[in-house]
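First, one chain by itself: the form predicted alone, in structure tokens.
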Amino acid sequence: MSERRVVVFSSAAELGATLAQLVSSRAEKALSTDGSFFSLGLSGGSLVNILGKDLPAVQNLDCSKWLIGFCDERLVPFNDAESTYGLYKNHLFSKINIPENRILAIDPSLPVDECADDYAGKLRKAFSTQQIPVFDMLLLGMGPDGHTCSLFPNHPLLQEIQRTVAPITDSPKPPLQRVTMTLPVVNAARCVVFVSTGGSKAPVLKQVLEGGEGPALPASLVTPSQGELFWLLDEPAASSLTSQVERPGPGAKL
């Protein structure tokens, strides 16, 4: 397991610019290593606006060999305001040169169990493997309850080890039906980046990053076996931390 890096920025704007550069640099690394594609898994929430603003601003960004998937998705039509794919289509995909057939989206017309199996099949085909797909990079958020992807505290899916994509029909927050990557897929990635901003996240961040009483929260179970792990925070989100963190200056690269 690689060392975790907790990096704190003075503003969300500085965080966004550094995140965009990190994505770009790992894409260049992946494409120079084997030359086939750079695989990126996206999450919703604040990441949509951050990436929509900062990623297209990266100079000479070429996404033509990227493969984009989703760490989880809500089972709603793409034109629904809750659709993560729909949000990225409007805020990011329209601004970068990503071919439509390089974006792996769920089929929201299917029942949730079939939808999860269908999406798992898309991953198997894209990665040409019957094993766990290994993403070059996953971008994750964390809810105020410590959930990540659609993996919620005390939920049976935290114990899932067979499926790469699982359905959820009892999400504690609406919509109830979703599909989500499981922990084995998340922890197989070459680079995992959490992004968390705002003072409301400070208490749960302290518990996830520094430990506390009770069962481990889902976000703290993300420990890539062979890959990098970053936590990118702004000052309000990091305000309760007492452990050592990195505080790079403006324009820093990770």
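Keep in mind that what you see is a predicted model, and the values were worked out from it rather than measured. From 1 onward, residues are counted along the sequence shown.
There is another form of the same protein, the form predicted in complex with a small molecule; it is not shown, and what comes next is about it.
The candidate spot formed by 18, 26 and 55 is out of contact with the small molecule in the predicted complex: none of the three has a heavy atom within 4.5 Å.
This chain is displayed without the small molecule, yet in the predicted complex the stretch 42 to 50 from 42 to 50, 56 to 64, 205 to 213, 185 to 193 comes within 4.5 Å of it by heavy atoms. Although the partner is absent here, residue 86 is not a contact residue: none of its heavy atoms lies within 4.5 angstroms of the small molecule in the predicted complex. Shown alone here, residue 165 lies farther than 4.5 Å from the small molecule in the predicted complex, counting heavy atoms only. At the 4.5 Å threshold, heavy atoms of residue 141 reach the small molecule in the predicted complex. The closest non-hydrogen atom of residue 181 lies beyond 4.5 Å of the small molecule in the predicted complex.
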